[in-house]
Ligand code: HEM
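The chain below stands alone, shown as structure tokens; this is the form predicted on its own.
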């Protein structure tokens, strides 16, 4: 194992700020929805709107950083070893099986993580953000007779926004669980705090990686 500086300062800041904002948006959002009672409705709306604007600012900086640093390449989905990664999470990890992919400084995400993150960035978060902005800046017309029609339209937006929130909540729970699947239950957490992580040596291969990368023999 070799200790490497895996996560840069902005990457760690972006990760923890995003986690805090999504948590705050979730708590206040579900209180606005009527599922929780914590801040009070009025204050929950104010906090939710403030957190949403802060989240948009964070996303803007994160997009800029990902594009200028080239880190965006790590999120490009691949199909190789996806089934092996799913099998590892379902059964292999409980049998002490080796990890099917090797984590490096230039390749931090496994194939399954890439697919999930791509779905979040391309589908889930845009849906939540777009529906949230529509809901936030919606203005009722002055004509009383068409207000009810517009309320019905707004309810559809609210349902879409809430559905996206449930997807984000599900991802958040799974993400917290998978954080404990490193070399030790706290290894991944420490890495995201300090930036340093113990990675396999470059010349070290897991049995699964070696088996998959071995060239097939020619059959006469």
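Since we're looking at a predicted model, the values are computed, not measured. Numbering follows the first chain given and starts at 1.
One more form of this protein should be noted, the form predicted in complex with protoporphyrin IX containing FE (HEM), which is absent from this view; the next part is about it.
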One residue of 191, 47, 62, 32 in contact with protoporphyrin IX containing FE (HEM), assessed in the predicted bound form (non-hydrogen atom, 4.5 angstroms): 32
The unique member of 187, 36, 178, 56 whose heavy atoms fall within 4.5 Å of protoporphyrin IX containing FE (HEM) in the predicted bound form: 56
Proximity of residue 22 to protoporphyrin IX containing FE (HEM) in the predicted bound form, heavy atoms at 4.5 Å: yes
Exercise: residue 132 in contact with protoporphyrin IX containing FE (HEM) in the predicted bound form, heavy atom 4.5 Å: yes
Contact test in the predicted bound form: residue 162 vs protoporphyrin IX containing FE (HEM), heavy atoms, 4.5 Å: yes
Proximity of residue 182 to protoporphyrin IX containing FE (HEM) in the predicted bound form, heavy atoms at 4.5 Å: no
Candidate site 128, 136 and 158: all three near protoporphyrin IX containing FE (HEM) in the predicted bound form by heavy atom within 4.5 Å: yes
